[in-house]
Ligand SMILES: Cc1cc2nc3c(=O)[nH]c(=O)nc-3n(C[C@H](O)[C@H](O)[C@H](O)COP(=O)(O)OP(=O)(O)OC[C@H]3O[C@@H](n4cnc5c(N)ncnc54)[C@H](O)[C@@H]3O)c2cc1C
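In the form predicted alone, a lone chain appears below as C-alpha coordinates.
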(Lines give C-alpha, C1' and ligand atoms only; values in the text may rest on other atoms or scores of the structure.)
Protein backbone atom coordinates (compact mmCIF):
# COMPACT_ATOMS: atom_id res chain seq x y z
CA UNK A 1 0.00 0.00 0.00
CA UNK A 2 1.38 3.42 -0.98
CA UNK A 3 2.19 6.02 1.69
CA UNK A 4 -0.65 8.48 1.87
CA UNK A 5 -0.86 12.23 1.32
CA UNK A 6 -4.02 14.04 2.36
CA UNK A 7 -4.76 17.25 0.48
CA UNK A 8 -7.31 19.45 2.17
CA UNK A 9 -8.96 21.57 -0.51
CA UNK A 10 -9.71 20.72 -4.13
CA UNK A 11 -9.04 24.08 -5.76
CA UNK A 12 -6.31 24.99 -8.24
CA UNK A 13 -3.34 24.49 -5.89
CA UNK A 14 -4.78 21.34 -4.32
CA UNK A 15 -5.47 19.68 -7.68
CA UNK A 16 -2.01 20.52 -8.99
CA UNK A 17 -0.40 19.23 -5.79
CA UNK A 18 -2.38 15.99 -6.05
CA UNK A 19 -1.26 15.36 -9.63
CA UNK A 20 2.40 15.97 -8.88
CA UNK A 21 2.40 13.92 -5.67
CA UNK A 22 0.63 11.03 -7.38
CA UNK A 23 3.05 11.11 -10.31
CA UNK A 24 5.83 10.82 -7.74
CA UNK A 25 4.32 7.57 -6.45
CA UNK A 26 2.31 8.73 -3.43
CA UNK A 27 -1.22 7.64 -2.66
CA UNK A 28 -3.29 10.82 -2.60
CA UNK A 29 -6.72 11.74 -1.27
CA UNK A 30 -8.34 15.15 -1.78
CA UNK A 31 -10.87 16.28 0.84
CA UNK A 32 -13.18 18.97 -0.57
CA UNK A 33 -15.84 20.96 1.29
CA UNK A 34 -17.99 21.52 -1.82
CA UNK A 35 -19.85 18.93 -3.89
CA UNK A 36 -17.14 18.92 -6.55
CA UNK A 37 -13.52 19.98 -6.92
CA UNK A 38 -12.30 22.90 -9.01
CA UNK A 39 -15.41 25.07 -8.75
CA UNK A 40 -13.48 28.32 -8.35
CA UNK A 41 -11.49 27.60 -11.52
CA UNK A 42 -14.76 27.75 -13.47
CA UNK A 43 -15.26 31.37 -12.39
CA UNK A 44 -11.78 32.64 -13.23
CA UNK A 45 -11.17 34.92 -16.17
CA UNK A 46 -14.89 35.61 -16.53
CA UNK A 47 -15.45 31.93 -17.24
CA UNK A 48 -12.46 31.64 -19.58
CA UNK A 49 -9.75 30.82 -16.98
CA UNK A 50 -6.83 33.24 -17.13
CA UNK A 51 -4.25 30.47 -16.63
CA UNK A 52 -1.19 32.64 -16.07
CA UNK A 53 0.60 35.74 -17.35
CA UNK A 54 3.77 35.85 -19.45
CA UNK A 55 4.78 39.13 -17.80
CA UNK A 56 5.54 37.32 -14.54
CA UNK A 57 9.29 36.87 -14.74
CA UNK A 58 11.76 35.47 -12.18
CA UNK A 59 12.90 38.20 -9.77
CA UNK A 60 10.30 40.63 -11.15
CA UNK A 61 7.71 40.72 -8.39
CA UNK A 62 5.79 43.90 -9.18
CA UNK A 63 2.59 41.89 -9.67
CA UNK A 64 2.91 39.90 -6.41
CA UNK A 65 2.02 41.12 -2.91
CA UNK A 66 2.45 40.03 0.70
CA UNK A 67 4.71 40.66 3.66
CA UNK A 68 7.58 38.58 2.21
CA UNK A 69 7.69 38.91 -1.56
CA UNK A 70 11.04 37.15 -1.86
CA UNK A 71 9.39 34.07 -0.36
CA UNK A 72 7.06 33.97 -3.36
CA UNK A 73 10.06 34.27 -5.69
CA UNK A 74 11.55 31.01 -4.33
CA UNK A 75 8.31 29.19 -5.15
CA UNK A 76 7.59 30.79 -8.52
CA UNK A 77 11.08 29.87 -9.75
CA UNK A 78 10.43 26.18 -9.07
CA UNK A 79 7.42 26.06 -11.40
CA UNK A 80 7.60 28.95 -13.83
CA UNK A 81 5.09 30.44 -16.23
CA UNK A 82 6.73 28.56 -19.10
CA UNK A 83 6.58 25.26 -17.21
CA UNK A 84 2.95 25.92 -16.36
CA UNK A 85 2.07 26.42 -20.02
CA UNK A 86 3.92 23.23 -20.99
CA UNK A 87 2.18 21.31 -18.19
CA UNK A 88 -1.26 22.31 -19.42
CA UNK A 89 -0.33 21.77 -23.06
CA UNK A 90 0.61 18.19 -22.09
CA UNK A 91 -2.88 17.76 -20.63
CA UNK A 92 -4.48 19.06 -23.82
CA UNK A 93 -4.92 22.79 -23.13
CA UNK A 94 -3.74 24.70 -26.20
CA UNK A 95 -3.10 28.28 -25.14
CA UNK A 96 -3.15 31.80 -26.50
CA UNK A 97 -1.67 35.05 -25.19
CA UNK A 98 -3.87 38.12 -25.12
CA UNK A 99 -3.61 41.75 -24.04
CA UNK A 100 -1.28 42.51 -21.11
CA UNK A 101 0.27 39.03 -21.30
CA UNK A 102 -2.82 37.15 -20.15
CA UNK A 103 -2.79 33.44 -21.08
CA UNK A 104 -6.09 31.69 -21.84
CA UNK A 105 -7.04 28.26 -23.18
CA UNK A 106 -7.82 28.42 -26.91
CA UNK A 107 -11.24 26.99 -26.12
CA UNK A 108 -12.07 30.13 -24.07
CA UNK A 109 -13.65 27.78 -21.53
CA UNK A 110 -12.56 27.51 -17.92
CA UNK A 111 -14.34 24.16 -17.87
CA UNK A 112 -11.66 22.84 -20.24
CA UNK A 113 -9.01 23.44 -17.58
CA UNK A 114 -11.12 21.87 -14.85
CA UNK A 115 -11.94 18.90 -17.09
CA UNK A 116 -8.33 18.01 -17.95
CA UNK A 117 -7.22 18.33 -14.32
CA UNK A 118 -10.03 16.08 -13.12
CA UNK A 119 -9.33 13.60 -15.90
CA UNK A 120 -5.65 13.44 -14.94
CA UNK A 121 -6.54 12.95 -11.27
CA UNK A 122 -8.82 10.06 -12.24
CA UNK A 123 -6.18 8.51 -14.47
CA UNK A 124 -3.67 8.65 -11.62
CA UNK A 125 -6.11 7.06 -9.17
CA UNK A 126 -6.37 10.05 -6.83
CA UNK A 127 -9.22 9.55 -4.38
CA UNK A 128 -11.61 12.49 -4.11
CA UNK A 129 -13.94 12.88 -1.15
CA UNK A 130 -16.39 15.78 -1.54
CA UNK A 131 -18.94 17.37 0.79
CA UNK A 132 -16.39 16.95 3.55
CA UNK A 133 -14.95 19.78 5.64
CA UNK A 134 -11.91 18.93 7.72
CA UNK A 135 -12.18 20.35 11.24
CA UNK A 136 -9.08 19.06 12.99
CA UNK A 137 -5.62 17.61 12.30
CA UNK A 138 -3.74 15.71 15.00
CA UNK A 139 -0.28 14.12 14.85
CA UNK A 140 -0.52 10.47 15.84
CA UNK A 141 2.93 8.89 15.92
CA UNK A 142 4.37 9.16 12.43
CA UNK A 143 0.91 9.74 10.95
CA UNK A 144 -1.77 12.40 11.02
CA UNK A 145 -5.33 11.83 12.15
CA UNK A 146 -7.72 14.03 10.16
CA UNK A 147 -11.23 14.56 11.51
CA UNK A 148 -14.09 15.87 9.38
CA UNK A 149 -17.27 17.75 10.27
CA UNK A 150 -19.11 14.47 10.91
CA UNK A 151 -16.44 13.17 13.27
CA UNK A 152 -15.12 10.63 10.74
CA UNK A 153 -11.38 10.01 11.07
CA UNK A 154 -8.89 9.59 8.23
CA UNK A 155 -5.15 8.95 8.36
CA UNK A 156 -2.21 10.16 6.27
CA UNK A 157 1.57 10.34 6.39
CA UNK A 158 1.71 13.87 4.97
CA UNK A 159 -0.86 16.68 4.79
CA UNK A 160 -1.11 19.56 2.34
CA UNK A 161 -3.49 22.32 3.39
CA UNK A 162 -4.80 24.13 0.30
CA UNK A 163 -8.19 25.40 1.43
CA UNK A 164 -7.96 28.86 -0.14
CA UNK A 165 -8.69 32.14 1.59
CA UNK A 166 -12.05 33.75 2.31
CA UNK A 167 -12.95 35.14 -1.13
CA UNK A 168 -15.98 33.76 -2.97
CA UNK A 169 -17.12 31.46 -0.13
CA UNK A 170 -19.91 30.20 -2.38
CA UNK A 171 -17.19 28.53 -4.48
CA UNK A 172 -15.51 26.82 -1.54
CA UNK A 173 -13.18 29.22 0.28
CA UNK A 174 -14.66 30.03 3.67
CA UNK A 175 -11.53 30.64 5.76
CA UNK A 176 -11.56 27.19 7.37
CA UNK A 177 -7.87 26.74 6.59
CA UNK A 178 -6.94 29.55 8.94
CA UNK A 179 -8.53 27.66 11.82
CA UNK A 180 -6.56 24.53 10.93
CA UNK A 181 -3.34 26.56 10.69
CA UNK A 182 -3.98 28.14 14.10
CA UNK A 183 -4.62 24.72 15.66
CA UNK A 184 -1.19 23.69 14.41
CA UNK A 185 0.44 26.73 16.00
CA UNK A 186 0.66 29.05 12.98
CA UNK A 187 -0.11 32.75 13.16
CA UNK A 188 -2.31 34.51 10.61
CA UNK A 189 -1.75 37.86 8.93
CA UNK A 190 -5.25 39.37 9.09
CA UNK A 191 -6.99 38.56 5.78
CA UNK A 192 -8.80 41.25 3.81
CA UNK A 193 -10.57 41.28 0.43
CA UNK A 194 -8.61 42.16 -2.71
CA UNK A 195 -9.60 42.54 -6.36
CA UNK A 196 -12.91 43.84 -5.09
CA UNK A 197 -15.22 46.81 -5.68
CA UNK A 198 -14.77 49.82 -3.40
CA UNK A 199 -17.34 51.59 -1.27
CA UNK A 200 -17.22 55.38 -1.32
CA UNK A 201 -18.57 58.17 0.84
CA UNK A 202 -20.77 60.24 -1.49
CA UNK A 203 -24.45 61.26 -1.26
CA UNK A 204 -25.20 60.98 -4.98
CA UNK A 205 -24.18 57.42 -5.79
CA UNK A 206 -27.68 56.09 -6.44
CA UNK A 207 -28.21 58.87 -8.99
CA UNK A 208 -25.15 57.86 -11.02
CA UNK A 209 -25.43 54.08 -10.64
CA UNK A 210 -24.47 52.40 -13.92
CA UNK A 211 -22.58 55.35 -15.42
CA UNK A 212 -19.41 54.15 -17.19
CA UNK A 213 -16.42 56.04 -18.56
CA UNK A 214 -12.81 55.43 -19.54
CA UNK A 215 -10.51 57.16 -17.11
CA UNK A 216 -7.56 57.02 -14.77
CA UNK A 217 -8.06 56.20 -11.10
CA UNK A 218 -5.50 56.41 -8.31
CA UNK A 219 -5.39 55.72 -4.59
CA UNK A 220 -3.56 58.04 -2.24
CA UNK A 221 -2.99 58.10 1.51
CA UNK A 222 -1.11 60.61 3.67
CA UNK A 223 -0.69 62.78 0.58
CA UNK A 224 1.15 60.11 -1.44
CA UNK A 225 -0.17 58.29 -4.51
CA UNK A 226 0.03 54.56 -3.78
CA UNK A 227 -1.09 53.18 -7.14
CA UNK A 228 -2.63 54.31 -10.43
CA UNK A 229 -4.66 52.36 -13.03
CA UNK A 230 -6.44 53.17 -16.29
CA UNK A 231 -9.49 51.65 -17.99
CA UNK A 232 -13.26 51.43 -17.83
CA UNK A 233 -14.68 52.72 -14.55
CA UNK A 234 -18.23 52.14 -13.33
CA UNK A 235 -20.18 54.03 -10.68
CA UNK A 236 -22.43 51.86 -8.50
CA UNK A 237 -24.98 52.56 -5.79
CA UNK A 238 -22.40 51.69 -3.11
CA UNK A 239 -19.31 53.20 -4.75
CA UNK A 240 -17.22 52.30 -7.75
CA UNK A 241 -16.12 49.28 -9.81
CA UNK A 242 -14.37 48.31 -13.03
CA UNK A 243 -10.99 46.67 -13.79
CA UNK A 244 -8.88 49.66 -12.63
CA UNK A 245 -10.74 49.76 -9.32
CA UNK A 246 -10.22 46.04 -8.70
CA UNK A 247 -6.49 46.51 -9.26
CA UNK A 248 -6.44 49.44 -6.82
CA UNK A 249 -8.54 47.77 -4.14
CA UNK A 250 -5.68 46.04 -2.36
CA UNK A 251 -3.75 49.20 -1.54
CA UNK A 252 -6.97 50.98 -0.55
CA UNK A 253 -8.13 48.30 1.90
CA UNK A 254 -4.60 47.79 3.20
CA UNK A 255 -4.47 51.51 4.01
CA UNK A 256 -7.73 51.21 5.96
CA UNK A 257 -6.37 48.16 7.80
CA UNK A 258 -3.38 50.32 8.78
CA UNK A 259 -5.68 53.06 10.12
CA UNK A 260 -5.06 55.41 7.22
CA UNK A 261 -7.70 57.18 5.12
CA UNK A 262 -7.37 56.28 1.43
CA UNK A 263 -8.65 58.71 -1.15
CA UNK A 264 -9.71 57.76 -4.66
CA UNK A 265 -8.90 60.28 -7.37
CA UNK A 266 -10.57 59.95 -10.77
CA UNK A 267 -9.53 61.63 -14.01
CA UNK A 268 -12.50 61.46 -16.40
CA UNK A 269 -10.51 62.96 -19.29
CA UNK A 270 -7.15 61.15 -19.27
CA UNK A 271 -6.44 62.10 -22.90
CA UNK A 272 -6.79 65.81 -22.18
CA UNK A 273 -4.43 67.95 -20.16
CA UNK A 274 -6.03 70.38 -17.72
CA UNK A 275 -5.34 73.26 -20.10
CA UNK A 276 -6.77 71.45 -23.13
CA UNK A 277 -9.94 70.49 -21.23
CA UNK A 278 -10.30 74.05 -19.96
CA UNK A 279 -10.07 75.35 -23.54
CA UNK A 280 -12.64 72.77 -24.66
CA UNK A 281 -15.16 73.80 -22.00
CA UNK A 282 -14.63 77.48 -22.78
CA UNK A 283 -15.23 76.74 -26.45
CA UNK A 284 -18.48 74.93 -25.66
CA UNK A 285 -19.59 77.88 -23.53
CA UNK A 286 -18.92 80.20 -26.44
CA UNK A 287 -21.15 78.02 -28.65
CA UNK A 288 -23.87 78.01 -25.98
CA UNK A 289 -23.37 81.65 -25.01
CA UNK A 290 -27.02 82.33 -24.21
CA UNK A 291 -27.93 78.73 -23.35
CA UNK A 292 -28.35 77.05 -19.94
CA UNK A 293 -25.21 75.88 -18.17
CA UNK A 294 -26.27 72.25 -17.73
CA UNK A 295 -27.19 71.82 -21.42
CA UNK A 296 -23.71 72.93 -22.49
CA UNK A 297 -22.31 69.67 -21.10
CA UNK A 298 -24.69 67.41 -23.04
CA UNK A 299 -22.52 65.36 -25.38
CA UNK A 300 -19.39 65.85 -23.28
CA UNK A 301 -20.22 63.79 -20.20
CA UNK A 302 -23.02 61.41 -19.29
CA UNK A 303 -26.23 63.41 -18.75
CA UNK A 304 -26.76 61.91 -15.29
CA UNK A 305 -23.38 63.24 -14.22
CA UNK A 306 -24.02 66.83 -15.26
CA UNK A 307 -26.02 68.07 -12.22
CA UNK A 308 -23.71 66.12 -9.88
CA UNK A 309 -20.53 67.54 -11.42
CA UNK A 310 -21.89 71.10 -11.26
CA UNK A 311 -23.03 70.74 -7.65
CA UNK A 312 -19.69 69.19 -6.63
CA UNK A 313 -18.03 72.19 -8.30
CA UNK A 314 -20.11 74.41 -6.00
CA UNK A 315 -22.40 75.61 -8.78
CA UNK A 316 -25.97 75.12 -7.68
CA UNK A 317 -28.03 76.98 -10.29
CA UNK A 318 -27.69 74.63 -13.29
CA UNK A 319 -30.06 76.78 -15.37
CA UNK A 320 -27.82 79.82 -15.36
CA UNK A 321 -26.84 81.22 -18.73
CA UNK A 322 -23.34 80.18 -19.83
CA UNK A 323 -22.28 83.82 -20.25
CA UNK A 324 -22.92 84.35 -16.53
CA UNK A 325 -20.47 81.64 -15.43
CA UNK A 326 -17.19 83.08 -14.13
CA UNK A 327 -13.72 81.98 -15.16
CA UNK A 328 -13.16 80.72 -11.61
CA UNK A 329 -16.27 78.53 -11.82
CA UNK A 330 -15.17 77.11 -15.15
CA UNK A 331 -11.80 76.27 -13.59
CA UNK A 332 -13.59 74.53 -10.68
CA UNK A 333 -15.52 72.32 -13.12
CA UNK A 334 -12.36 71.51 -15.08
CA UNK A 335 -10.42 70.60 -11.93
CA UNK A 336 -13.21 68.27 -10.82
CA UNK A 337 -13.33 66.46 -14.16
CA UNK A 338 -9.55 65.99 -14.04
CA UNK A 339 -9.31 65.12 -10.34
CA UNK A 340 -12.56 64.05 -8.67
CA UNK A 341 -11.76 62.96 -5.13
CA UNK A 342 -13.71 60.44 -3.05
CA UNK A 343 -13.19 59.07 0.45
CA UNK A 344 -12.86 55.25 0.37
CA UNK A 345 -14.76 53.76 3.30
CA UNK A 346 -14.37 50.05 2.59
CA UNK A 347 -15.03 47.35 0.04
CA UNK A 348 -17.73 44.97 -0.99
CA UNK A 349 -17.96 41.69 0.94
CA UNK A 350 -15.90 38.53 0.64
CA UNK A 351 -18.59 37.20 -1.69
CA UNK A 352 -17.60 39.80 -4.28
CA UNK A 353 -13.81 39.66 -3.91
CA UNK A 354 -11.69 37.62 -6.29
CA UNK A 355 -8.75 36.98 -4.00
CA UNK A 356 -7.71 37.16 -0.35
CA UNK A 357 -4.81 39.30 0.84
CA UNK A 358 -3.11 38.23 4.06
CA UNK A 359 -3.14 34.66 5.34
CA UNK A 360 -0.83 32.14 6.99
CA UNK A 361 2.30 33.93 8.19
CA UNK A 362 5.26 32.97 5.99
CA UNK A 363 7.83 33.23 8.79
CA UNK A 364 6.98 29.69 9.92
CA UNK A 365 6.91 28.15 6.42
CA UNK A 366 10.01 26.84 4.61
CA UNK A 367 10.51 29.06 1.53
CA UNK A 368 11.86 26.20 -0.56
CA UNK A 369 9.44 23.38 0.24
CA UNK A 370 6.33 25.05 1.79
CA UNK A 371 6.67 22.69 4.76
CA UNK A 372 5.64 23.97 8.17
CA UNK A 373 8.54 24.82 10.48
CA UNK A 374 6.24 24.18 13.44
CA UNK A 375 4.76 20.79 12.52
CA UNK A 376 6.98 18.71 10.20
CA UNK A 377 5.23 16.91 7.32
CA UNK A 378 2.48 19.55 7.09
CA UNK A 379 2.61 21.64 3.89
CA UNK A 380 0.70 24.71 2.72
CA UNK A 381 -0.24 25.89 -0.77
CA UNK A 382 -2.24 28.52 -2.62
CA UNK A 383 -4.29 31.49 -1.47
CA UNK A 384 -4.22 30.33 2.16
CA UNK A 385 -0.70 31.74 2.41
CA UNK A 386 0.11 35.44 2.79
CA UNK A 387 0.76 35.91 -0.93
CA UNK A 388 -1.59 37.38 -3.52
CA UNK A 389 -1.29 38.93 -6.96
CA UNK A 390 -2.77 41.45 -9.34
CA UNK A 391 -5.63 40.58 -11.65
CA UNK A 392 -4.53 38.96 -14.91
CA UNK A 393 -3.45 35.39 -14.15
CA UNK A 394 -0.95 36.10 -11.39
CA UNK A 395 -3.01 34.52 -8.62
CA UNK A 396 -3.56 31.32 -10.58
CA UNK A 397 0.17 31.14 -11.30
CA UNK A 398 0.81 31.32 -7.56
CA UNK A 399 -1.70 28.51 -7.09
CA UNK A 400 -0.02 26.31 -9.73
CA UNK A 401 3.51 27.04 -8.49
CA UNK A 402 2.77 26.57 -4.80
CA UNK A 403 0.73 23.44 -5.53
CA UNK A 404 3.62 22.03 -7.53
CA UNK A 405 6.15 22.78 -4.79
CA UNK A 406 4.00 21.38 -1.97
CA UNK A 407 3.10 18.27 -3.97
CA UNK A 408 6.69 17.67 -4.99
CA UNK A 409 8.28 18.00 -1.56
CA UNK A 410 5.49 16.27 0.37
CA UNK A 411 5.78 13.23 -1.90
CA UNK A 412 9.57 13.15 -2.13
CA UNK A 413 9.87 13.39 1.65
CA UNK A 414 8.01 10.05 1.92
CA UNK A 415 10.87 8.20 0.29
CA UNK A 416 13.95 9.91 1.70
CA UNK A 417 16.46 7.30 2.71
CA UNK A 418 14.47 4.47 1.05
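Positions refer to the first chain, counted from 1. Every value quoted in this text rests on a predicted model; they were computed, and no experiment measured them.
The next section is about a form of this same protein that is not shown, the form predicted together with the named molecule.
**Student:** Quick one: which of 261 to 269, 172 to 180, 215 to 223, 87 to 95 gets within 4.5 Å of the named molecule in the predicted bound form, going by heavy atoms?
**Tutor:** Selected range: 172 to 180.
**Student:** Looking at the named molecule in the predicted bound form, is some heavy atom of each of 12, 32 and 43 within 4.5 Å of it?
**Tutor:** Checked in the predicted bound form: all three residues contact the named molecule.
**Student:** Select from the listed residues 348, 80, 132, 288 the one whose heavy atoms reach within 4.5 Å of the named molecule in the predicted bound form.
**Tutor:** If I apply the 4.5 Å criterion carefully, the residue I get is 132.
**Student:** Just to confirm, residue 369 within 4.5 Å of the named molecule in the predicted bound form by heavy atoms?
**Tutor:** Residue 369: no contact with the named molecule in the predicted bound form.
**Student:** Look up in the predicted bound form whether residue 394 has a non-hydrogen atom within 4.5 angstroms of the named molecule, and give yes or no.
**Tutor:** Contact check for residue 394: yes, within 4.5 Å of the named molecule in the predicted bound form.
**Student:** Looking at the partner-bound form in the predicted bound form, is residue 296 within 4.5 Å of the named molecule by any heavy atom?
**Tutor:** Judged by the heavy-atom cut-off of 4.5 Å, residue 296 is well away from the named molecule in the predicted bound form.
**Student:** Just to confirm, residue 8 within 4.5 Å of the named molecule in the predicted bound form by heavy atoms?
**Tutor:** Contact with the named molecule, yes.
**Student:** Heavy atom within 4.5 Å of the named molecule in the predicted bound form: which residues of 152 to 170 meet that condition, in order?
**Tutor:** 162, 163, 164, 168 sit within 4.5 Å of the partner.
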